[in-house]
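What follows is one chain in structure tokens, specifically the form predicted alone.
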């Protein structure tokens, strides 16, 4: 395809919104607050912002520069830079494919919850009755209504990965709907995506703002906000805090998937990507902090609700046991009465002690939950206790849906753009047909996640499908640009696009700091994986009403190895293929494939 034929964004704002919609995703809502909770509240902001400057912004800008200069997807861009590096682009496409397969399943769950929100009583607010109508279902009673609804009604989960079971038809239909909407969003390529991002990039902020106003007015919300902004600076001495900060920045910005290269390839040649990289990175990080304030206000409300419910159970137990008047003990003076009754009736109080719950607000706030547990269980638990809970449920799951759909635009574009760069596909398939075939292929493979054991495979893809390969891909990218292609030539390309060379900050980050950080993260991941022993997963036990740790069977471990190896092996395999092809068909030196960005 000739460069002049390539479509482009209608204006720079569309590109910025597309990047924001892609980068600002579910991780900002369910991963960052968890890390804040785990690593010292406000103290986690310090390593997070440092890693943003040292790693996030430089690598984000580098990928935008490559895409804008080459005006090709990841495979074409890296092949043009150097024929031996086409595997980097293929690895990005495979990793994006893995992500698409399971990421849209989350959108299917959001649809499921959204549809169930239009009821007079939210279905996860109470346990369903048993078949005899004489009591509640035992599995729900030993767990909680929100856990039951997620694990049994939503997933209909099996007790282990070995029990695959059948397809959950409700979830399968929701997944079909999710892929239909993704297809409609991308049907015309960048022209339709450019229109959609005005909504997917802005509406979640409106919902977050509404939730912020509602959240901070909830009873006990300030307990959560205060918890977030109370720094535990001793966590700064914990290496894991810095590693998690670097990892969060890396994955939150969507580096290595090829989406940024694909988006930037539709830019005008002289577009100021450098400024846009800084803007999008800061918006992404600012959103994480903003979402955390909302999340911690909900945390505070939920923790305070649970804490006061615990105190109320203790109050009623004391009143009934010691035959006291109803208004004698209140939540304000309960500590006094526990001490007083223990002093005046030691024997009777000692017999009562096993029945007394330990009520601790700090312990409630310390309970850290991430991922689907936060998005679909903790939030649902809080929403059901709010006035007009149906309204807040619809609003929340609409926001989750748009965050997920916005990220899916980038994920699918990372696959489709490189495919369209192949002339044989561009000639034989229209945009609509190729996009539809990609969505259909992902849908058919994704149906496996709607089986009873599908959530265990989902977890496997989530934990092993991208992490290792992305670290490897971006490490190869930055080393290639700085040392194989050459930083001087890269500077010249940027000057050609922007009219000025990058300053000392960009050069130091690309040449030294970012590669060192990536190598450190890469080594840490390998060591952590080896030291972790046999991979395990959380299996739902219906008798206990909670998740238990189980080891993956041999085929599960083999599949994990396959996930780790498939994308990474593309790099050496493609280099070997290019080398053999060159040996078999030598060409005069002046006809060699151009290997410099500036030569195109």
Partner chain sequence: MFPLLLLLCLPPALAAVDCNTEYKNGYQVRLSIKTALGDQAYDWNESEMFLFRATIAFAMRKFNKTEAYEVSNIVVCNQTPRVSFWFIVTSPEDPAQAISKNIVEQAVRESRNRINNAFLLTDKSLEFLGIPPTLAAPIIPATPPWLIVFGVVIGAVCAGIVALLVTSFVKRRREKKAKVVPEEEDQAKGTDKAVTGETFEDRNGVYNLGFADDDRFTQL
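Keep in mind that what you see is a predicted model, and the values were worked out from it rather than measured. Residue numbers count along the first chain shown, from 1.
What comes next is about the form predicted in complex with the partner chain, which is not displayed.
The partner chain is not shown here, but in the model of the complex it comes within 4.5 Å of a heavy atom of residue 173. Shown alone here, residue 526 lies farther than 4.5 Å from the partner chain in the model of the complex, counting heavy atoms only. The partner chain in the model of the complex is not approached by residue 39, whose heavy atoms all lie more than 4.5 angstroms from it. Contact between residue 321 and the partner chain in the model of the complex is found at the 4.5 Å heavy atom cutoff. The contact residue chosen from 437, 206, 519, 316 relative to the partner chain in the model of the complex is 316, the criterion being a non-hydrogen atom within 4.5 angstroms. For the residues 377, 447, 425, 181, the 4.5 Å heavy atom test against the partner chain in the model of the complex is passed only by 181. Between 466 to 474, 237 to 245, 408 to 416, 482 to 490, the stretch whose residues reach within 4.5 angstroms of the partner chain in the model of the complex through a non-hydrogen atom is 482 to 490. Residue 312 is the only one in 285 to 312 with at least one heavy atom within 4.5 Å of the partner chain in the model of the complex.
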